[in-house]
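The chain below stands alone and is given as structure tokens, in the form predicted alone.
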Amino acid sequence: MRITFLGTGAAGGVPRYGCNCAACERALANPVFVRRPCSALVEDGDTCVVLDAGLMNLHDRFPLGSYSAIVLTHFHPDHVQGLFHLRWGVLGNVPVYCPPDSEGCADLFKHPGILDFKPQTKFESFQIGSLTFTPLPLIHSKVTFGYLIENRHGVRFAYLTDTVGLPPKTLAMLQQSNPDGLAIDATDPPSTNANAVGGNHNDWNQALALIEQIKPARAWLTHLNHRSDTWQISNNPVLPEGVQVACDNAIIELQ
């Protein structure tokens, strides 16, 4: 199984428009540090699945027929905005697997064009080619799924963005699955308020605590904002063994 991080940024990305923080200045000077909308590509043999559709050039980057389906975590704009152009294709049909969010985003459901939305049910697995996807409910301001993805050889990858913490049943399933790889929301730098509660995304420490509980073979922090990158520049934190900060265009091979 191959995973490509198409984007690893939180809403607004890095560089953030009009910002002159250290992370944004670095990304303006060197495109290696740019973070586009959080999304990924999962490949396994002839199966190719796009995870989330926040890239605005989705229609240019992935010609019709070059992928098997799109799988959405949720309907916030930074995860679906690429669909607004894609839907006006004149030929073909694009399967879009998604959470059961009756509101969706803007008029996508009313005018889907070539998009074939397929709402899924939490914990009920579905098949796309050689890959099995199990939707895992997350904790976010919209109906949101993470996904446990498994190929026919038993290789497992969990993709968990956007979330703050994990529901008990989701956490238990991940602990039982022993994933070979895990990508998890780590949007914010560590909170300076030890009593802070709520929020909509994990901070750095929350993400690391969940990784420690799940114990995947390898893990990547994703959905990072410019404040997190600035904090990393200043603090140069040491990560646990097997944990890395994801970057755009990084390719992972899981066997």
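Start at 1 and count along the sequence shown; that's the residue number. On a predicted model such as this, the values are computed, not experimentally measured, just so you know.
Below, we turn to the form predicted together with another copy of the chain, even though it does not appear here.
Practice item. Counting only non-hydrogen atoms, choose the one of 76 to 84, 124 to 132, 172 to 180, 146 to 154 that falls within 4.5 Å of another copy of the chain in the model of the complex. Key: Result for this chain: 76 to 84.
Review point. Does R26 reach another copy of the chain in the model of the complex, with heavy atoms at most 4.5 Å apart?
Key: Taking the distances in the model of the complex, the answer for R26 is no, it never comes within 4.5 Å of another copy of the chain.
Check your understanding: Does the 4.5 Å heavy atom contact test between F33 and another copy of the chain in the model of the complex come out positive?
Key -> It does not: once another copy of the chain is placed as it appears in the model of the complex, F33 has no heavy atom within 4.5 Å of it.
Exercise for review: Flag H201 as yes or no: does it have a non-hydrogen atom within 4.5 angstroms of any non-hydrogen atom of another copy of the chain in the model of the complex?
Suggested key: Heavy-atom contact with another copy of the chain at 4.5 Å: absent for H201.
Exercise for review: Examine N20 and determine whether its closest non-hydrogen atom to another copy of the chain in the model of the complex is within 4.5 angstroms.
Suggested key: Residue-level check for N20: yes, a contact with another copy of the chain.
Check your understanding: Since exactly one of G89, P95, P167, P112 fits, which has a heavy atom within 4.5 Å of another copy of the chain in the model of the complex?
Key -> It is G89 that has a heavy atom within 4.5 Å of the partner.
Point to revise | another copy of the chain in the model of the complex reached by all of F62, A106 and H226, non-hydrogen atom within 4.5 Å | key: Yes, the whole trio is in contact, each within 4.5 Å by some heavy atom.
Point to revise | Heavy atom contacts to another copy of the chain in the model of the complex at 4.5 Å, residues of 1 to 19 in sequence order | key: Sequence-ordered list: A11, G12, G13, R16, Y17, G18, C19.
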